Structures are given as C-alpha cells and as structure tokens.
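Okay, here we've got a single chain as structure tokens, the form predicted alone, with questions on binding and movement later.
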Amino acid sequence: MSNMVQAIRMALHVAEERHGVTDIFGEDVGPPLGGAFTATQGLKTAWNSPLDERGIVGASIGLGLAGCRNVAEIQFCDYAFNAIDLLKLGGMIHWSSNGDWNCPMTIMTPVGSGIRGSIYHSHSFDATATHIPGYKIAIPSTPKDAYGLLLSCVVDPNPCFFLVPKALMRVRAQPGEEIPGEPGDDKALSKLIDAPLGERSQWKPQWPDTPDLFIPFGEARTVRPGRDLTVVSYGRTLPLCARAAEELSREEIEAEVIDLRSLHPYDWERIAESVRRTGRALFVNEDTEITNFGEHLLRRTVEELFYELIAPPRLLAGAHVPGIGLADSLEMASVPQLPSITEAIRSLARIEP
C-alpha cells in the first residue's frame, strides 16, 4: 500500500494523463530529483523552476489564465509568505471578473512540523491559507485522502491550496484504506514508481491503473464515533487525536474524532451534528494559537450551539512563538503532541454539566 508521497505521485500522473494538467513545476520538481520529498518523480510534465516563489506563483496564475491546468509546488510553505500578495491576486480573479474568468491552478506545499526542520522548514500555513479568499483548501491525513483531494484540486476551475503535512508523508495507508488499483505489497509498488538511487536517466515508472477518485471539498470524515465529546482536527494532529481517543476508551471516555480534510469549504454540518450530541468540543491543530482556524470554529460553535454545550469548547494549538527550534524538546513543546492531546480530551470530558 502507498504512503502519502506515492499517493500524491499517482494522483499527479492521473491528472496529467486524464485531466489536462499541462505543467507540474517548482524548485527541484523535475528530473533528476523529482521534488524534495520525491512526490513528482517520473511525471511527464514536471519541470524545474528557478528558486523564486514569486515567480512560481506568478507563472501558475499566468498558466491558469491561459487555460492551462497546473500544479505549482512551493517547496516548503515557510516560503509561501514571500508571495502572499500574488497568492491574493490569484484568489480574487474569479470574483473580480464577476465570474467571467477562471484560473485553474493548484498550489501544493508541505506544511507543519515533525521532521526537525527548525525555524525555516516547520511553519504551518493553514490559518494563513484561510485568510486568502478565493481558494479551496485541502489538507489530507491519509494517502487515500491525499490522492482524492489532489484530484479534486486539479479539476477545479479556480485556485486551490493542497497542503501536505510533512510528518505524514512516509506514513502508509491502513488496511482497507488503500487506493483502488495499487499493489497491496509495499515493495511491489516501490519497484513500479520509486526512482532508483544513483543513475536514473533511463528510468521510467510503471504506473498502476488507479481510477479517478474525487473526494469533495467540504466533506469531513468521522474517523471514530463517540458519545462524550467531539474532537475536530486535520493534518498531522489528526492521527494523534485518533490514537488518544482509542487510549482513553480504556478510561470509559468515548471521544468522537472528525477529520475536516478541507478547510474551505468545511463541513460545518458534521461538526454541529456531533457537538449537539456530545455537548463538548475540542479543536486541535498545530498552527499558532492566535488567529488560528480552530478559533473560527470555536467562535461559530459558541454563537450557534451555545445552549447545547455542557462545557466550554476548547482549542489546543501551537504555541505563539516565532518559529520551532531544532532541538527535539523545543519542537515537542511548540506544537500539540500525543500527551497534551490526551490530557485535553480527558480534562474536557470530565467537566461536569
């Protein structure tokens, strides 16, 4: 079964073969490297751009306005901040033209902590992305979701962000969550689509016959049902929330865990239905806690579900610090980890009505 990087690579192959993607580009995206995380190895339309995030975003907008579906990678989201004004320009094209102009472009970028990337390669971008209207925003937590959400991005007629949690890139699919058509054996899939080490100029991938699979924007997934509280997360922290919920079931605390999968549009209906049943809500992500997307969800929970809550809703997010340090202890202290998530769920569940 595939890991997330392999799932992305297979989705991009399907996108260029069946869905009109003409250009996949960014720093080191083309041969011989195939991307810093190898997500673009073997793709026919992949090419290397200069080391210039503003140039990458500008080229993506230009291609989109010309009707060329494209996937532009910003190698690490930390450097997307260099191009915020151009990203805003891309997001307003459809609106400012009163719907006359489309701009089919996907900005793909790795996000978050978990690889000891220190201050220049550990930022989150999810809250910033939600502050740029005009984009659909996908952030997967499983290889299958990465495959389906990326295909939804590339066929969309207007701009999309595809945010890839760095810490989950090498995590393999769980049984029952594989992409249809992929080999069930990890080594067999690697032999087909992973470029060999060393000389690879003559190497060509052998793509498995994977189908079109479109995961709709705004459709969350209930990872684990529960009765005592609702935990809403996405990306790197989602598997940690699911694991914490499983561990706490031994204490007779049954937490419902929801994976948002997309941040705009987002599945408010699923969140609201769950919170109405449980009466408690915990929002978890690793972006900094001030002006956090979870704060928006918490505000809406209070405004619309106040009289159905039996405990104050909570946000567990990253510390409001300028960056994440290289030392393991600093990274662990800067963003939610399994112990802090477990304690947040436990303490919220034990608040008496």
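Everything numeric in this text was worked out from a predicted model, so none of it was measured. Numbers follow the displayed sequence, beginning with 1.
There is another form of the same protein, the form predicted in complex with a further copy of the same chain; it is not shown, and what comes next is about it.
- None of 237-245, 187-195, 138-146, 113-121 except one has non-hydrogen atoms within 4.5 angstroms of a further copy of the same chain in the predicted complex; the exception is 113-121.
- With a 4.5 Å cutoff on heavy atoms, Ile84 counts as touching a further copy of the same chain in the predicted complex.
- A residue is said to contact a partner when one of its heavy atoms sits within 4.5 Å of a partner heavy atom; Pro211 fails this definition for a further copy of the same chain in the predicted complex, lying far away.
- Residue contact with a further copy of the same chain in the predicted complex: Arg277 places no heavy atom within 4.5 Å of it.
- Within this chain, Gln41 is remote from the site of a further copy of the same chain in the predicted complex, having no heavy atom within 4.5 Å.
- The listed set Ile253, Ala127, Ala173, Leu168 contains one residue whose heavy atoms approach a further copy of the same chain in the predicted complex to within 4.5 Å, identified as Ala127.
- If you take 155-187 and check each residue for a heavy atom within 4.5 Å of a further copy of the same chain in the predicted complex, you get nothing at all.
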